[in-house]
Ligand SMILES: Nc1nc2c(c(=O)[nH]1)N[C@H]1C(S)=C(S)[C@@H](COP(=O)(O)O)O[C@H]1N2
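Presented as structure tokens, the chain that follows is alone, the form predicted alone.
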Amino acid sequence: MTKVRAALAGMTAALVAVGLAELVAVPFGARSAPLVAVGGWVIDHVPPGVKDFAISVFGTHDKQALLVGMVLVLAAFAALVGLAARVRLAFGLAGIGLFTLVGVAAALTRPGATAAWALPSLVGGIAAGVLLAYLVRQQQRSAPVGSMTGAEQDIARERSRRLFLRTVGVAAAGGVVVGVLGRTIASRLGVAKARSEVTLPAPASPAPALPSHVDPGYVTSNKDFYRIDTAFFAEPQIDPSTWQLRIHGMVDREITVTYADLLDMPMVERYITLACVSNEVGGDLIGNAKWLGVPVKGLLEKAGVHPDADQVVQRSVDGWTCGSPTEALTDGRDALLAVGMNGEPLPVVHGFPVRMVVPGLYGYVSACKWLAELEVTTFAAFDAYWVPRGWSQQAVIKTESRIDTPGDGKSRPAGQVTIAGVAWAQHRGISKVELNVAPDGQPGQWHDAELLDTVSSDTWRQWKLDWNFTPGTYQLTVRATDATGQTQAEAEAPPAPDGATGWHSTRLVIV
């Protein structure tokens, strides 16, 4: 067996293992499949600096980047397993055993896991071991022997090569088909149908009408809304008919709310801009949507929050947690248990059936998707998911602004050019945006931009400035001032631990 064939044998065995595991995982949920389980474990345990780097480089495609990296590592490991089996079959089987053990351990440590979650990795590992042993022995049986003539040995080698390629091709194709079949069945067994059958009630308090002068980009579509979470290609599939929210902890009475209960309550509809704390200056991890939901304040009042409870921990069905100040959920702002987004039930990737939306707080301390619990406690008693990983316990969204057009490095003909963007300081509001137009490296001057109308202080605010340019290169810099009179910080700081600061600048070439 040549080294190339040995490596291919190992990789084919791994492909079959992963594909078959996807099918076996169907009854238990996609999170029990080894690739998904290991990916989730990596996300939970990767050093904060690596996570920050991934988001800064790949943005909302960070999970795709992780998947590609995992596949490459798996392929390399599988190739080594095949090479080890070439030396001695037991060595290769030991490698497959290690691969299986990693998958089992990752699956069993996922929140909500049962002992049955070990089955996908175990079945996949057994299949991989059987296939690897078959390929190795097949090659040994079909290899030329010393008693053959030279011509007979050449024929035997060619026959062995063809047999190997045929077997590997069939096995690899089977692994892919079985894996795709498993994912397809899982998607059809998901909650898409249940979601399509949800009829959202009319809001008792509708959202204000959009001002006539806002640009279309004022509202972010569900498809384009940014997504940053820890669910690795297997979003929780929650049937709304079985969903419940438990409110407990430092309360006078524990209460449980069903999805039907929630839909029967008076609904509030509001435009609210959410922002990720990982957003770099000038970044796009921010979006504005029309949310429909029930104010969480009323439910907390019904439960009876103890006076010394200063944190409400939101817990997802997949175990993720975030902690919001109790005051932010009870001070009258539109903190919602959201069931709708832009006129439709929440998309699964954005938290269906219920998520939290809290104006003015970064998402990692407020915007729990696939919500299952609200635990009333204190900041001294509990650190939510991101706090031990180096992020602040509390994080109010900072005053920020961004230039959207013209894009950085773009060129425009001499004459009037419209410079435009957005500024945000949720729950405080934006009172002023200034733009510095600096020609050819000169200091430039600050000019007030025109502020477009907005529905409330809980959303971003669009701005624009028309400027007559002569040929040259210009540095454009924007800064915003919120309604409290605080101008955004000039000093540059990274997102960690509580949000990036700095003024966004772009370069414009006038020809």
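Start at 1 with the first residue shown and count on from there. On a predicted model such as this, the values are computed, not experimentally measured, just so you know.
One more form of this protein, predicted together with the ligand, exists but is not displayed; see below.
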{"item": "Contact segment among 164-172, 362-370, 257-265, 74-82, judged by heavy atoms lying within 4.5 Å of the ligand in the predicted bound form", "value": "362-370"}
{"item": "Contact residue in the predicted bound form, chosen from Thr273, Ser316, Ser401, Ser324 - any heavy atom within 4.5 Å of the ligand", "value": "Ser316"}
{"item": "In the predicted bound form, the one of Thr230, Thr220, Ser431, Thr330 near the ligand [non-hydrogen atom within 4.5 angstroms]", "value": "Thr230"}
{"item": "Site test, His427, Trp460 and Trp503 vs the ligand in the predicted bound form, non-hydrogen atom cutoff 4.5 Å", "value": "no"}
{"item": "Touches the ligand in the predicted bound form: Trp320 (any heavy atom, 4.5 Å)", "value": "yes"}
{"item": "Partner contact for Trp243 in the predicted bound form: the ligand, 4.5 angstroms, heavy atom", "value": "no"}
{"item": "Contact flag, Tyr226 vs the ligand in the predicted bound form, heavy atom cut 4.5 Å", "value": "yes"}
{"item": "Partner proximity in the predicted bound form: Arg195 to the ligand, non-hydrogen atom cutoff 4.5 Å", "value": "no"}
